[in-house]
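The chain that follows stands alone, in the form predicted on its own, written as structure tokens.
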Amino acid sequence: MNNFAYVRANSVEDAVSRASQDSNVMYIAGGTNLVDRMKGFLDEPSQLVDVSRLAMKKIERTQEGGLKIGALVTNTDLAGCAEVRSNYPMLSRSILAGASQQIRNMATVGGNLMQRTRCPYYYDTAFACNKRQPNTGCPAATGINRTHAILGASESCVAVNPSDMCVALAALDAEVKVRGVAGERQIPFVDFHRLPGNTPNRDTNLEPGELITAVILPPVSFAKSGVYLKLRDRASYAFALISVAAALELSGEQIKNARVALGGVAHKPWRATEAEEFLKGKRADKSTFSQAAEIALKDAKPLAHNQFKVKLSKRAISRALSVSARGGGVV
């Protein structure tokens, strides 16, 4: 770990001002991912700005009937919030499916959004990696790539976003509220994370110095039917091979509206918008769900060791939609 300065911010404005003065300044709150990266010399900040004591720890109702979730709300508190469990159950279940209880007690909502990939080649500095140092190569593309991307990848990077919570937030049409030197703005969640393209070192569309202050959940009338299905190598503390966040709004047996997002398949939480559009107006049955799954994976480009992810994703989508059609619940 390199030498760095440490300062505790006394306001959002103070934090942003400090971070905007130097591109090597980084924010720290729970530190559950950042500290690991610093230990591995993946991040070498000149200064850490501690934002953990700022007033961003509340979950509040919005005037529109949704929720405003402060960036410093812990994963444990968000998953346990009665309103989240009742009205956005897929979000609660996605959080509980990720990490350990100890990590959830420390990890924050804002920090979860900023997780870097868990690609083993990224973490092992003996290998080249375009995410660490652009234009050095992507050994995962031709190496052991069982856990890597099948959608939206590029020649520069085949890593996947590791978050469970972000998959649910993508399905729920969340927005990310940020503050920078230019003021405040809200970023639609589907635009917050980036596909790798030629710049895999950039995971998000945040501008330098911008600080996440809150996540806004809109009111979604059918979110109570939401499910979160996570498939992994072992039941405890493991990243998703495939995950699905899904919710259906039904009128009788006809689908009025649908949300489908995937995790473990791309550099960002993957919203299956074509599949959602296909589902509207269709009968909620196994055949419809299978067709939607085919549409969601039609552009998949598996690598040498992860062809299984295509079939597994299709089955997971069909299963999640079937459970949502029955009113939701534990998959």
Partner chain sequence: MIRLKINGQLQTLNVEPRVTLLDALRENLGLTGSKKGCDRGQCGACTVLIDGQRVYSCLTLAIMQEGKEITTIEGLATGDNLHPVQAAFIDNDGFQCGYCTPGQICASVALLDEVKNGSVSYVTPDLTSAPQLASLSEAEIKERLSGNLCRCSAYNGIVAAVQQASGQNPPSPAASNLGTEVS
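Worth saying up front: this structure is predicted, and the values here are computed from it rather than measured. Positions refer to the first chain, counted from 1.
As for the form predicted in complex with its partner chain, it is not shown, yet the points below apply to it.
**Student:** Would you mind picking out the stretch of 228-236, 170-178, 252-260, 196-204 that comes within 4.5 angstroms of its partner chain in the predicted bound form, counting non-hydrogen atoms?
**Tutor:** In short, 228-236.
**Student:** Of the residues Leu297, Leu48, Ile59, Leu54, which one places a heavy atom within 4.5 Å of its partner chain in the predicted bound form?
**Tutor:** Looking at Leu297, Leu48, Ile59, Leu54 one by one, just Leu48 meets the 4.5 Å heavy-atom criterion.
**Student:** Taking its partner chain in the predicted bound form as the reference, which of Leu96, Val73, Ile187, Val220 has a non-hydrogen atom within 4.5 Å?
**Tutor:** It is Leu96 that has a heavy atom within 4.5 Å of the partner.
**Student:** Any chance Thr32, Ser86 and Gln101 all have a heavy atom within 4.5 Å of its partner chain in the predicted bound form?
**Tutor:** Yes.
**Student:** Give a yes/no on whether Thr147 approaches its partner chain to within 4.5 Å in the predicted bound form, heavy atoms considered.
**Tutor:** No, Thr147 is distant from the partner.
**Student:** Considering only heavy atoms, tell me if Gly65 and its partner chain come within 4.5 Å of each other in the predicted bound form.
**Tutor:** It does not: once its partner chain is placed as it appears in the predicted bound form, Gly65 has no heavy atom within 4.5 Å of it.
**Student:** Within a 4.5 Å heavy atom cut-off, is Glu277 in contact with its partner chain in the predicted bound form?
**Tutor:** Glu277: no contact with its partner chain in the predicted bound form.
**Student:** Flag Ala182 as yes or no: does it have a non-hydrogen atom within 4.5 angstroms of any non-hydrogen atom of its partner chain in the predicted bound form?
**Tutor:** No - in the predicted bound form, heavy atoms of Ala182 and its partner chain never come within 4.5 Å of each other.
**Student:** Using a 4.5 Å cut-off on heavy atoms, which residues of 1-18 contact its partner chain in the predicted bound form?
**Tutor:** Sequence-ordered list: Met1, Asn2, Asn3, Phe4, Tyr6, Arg8.
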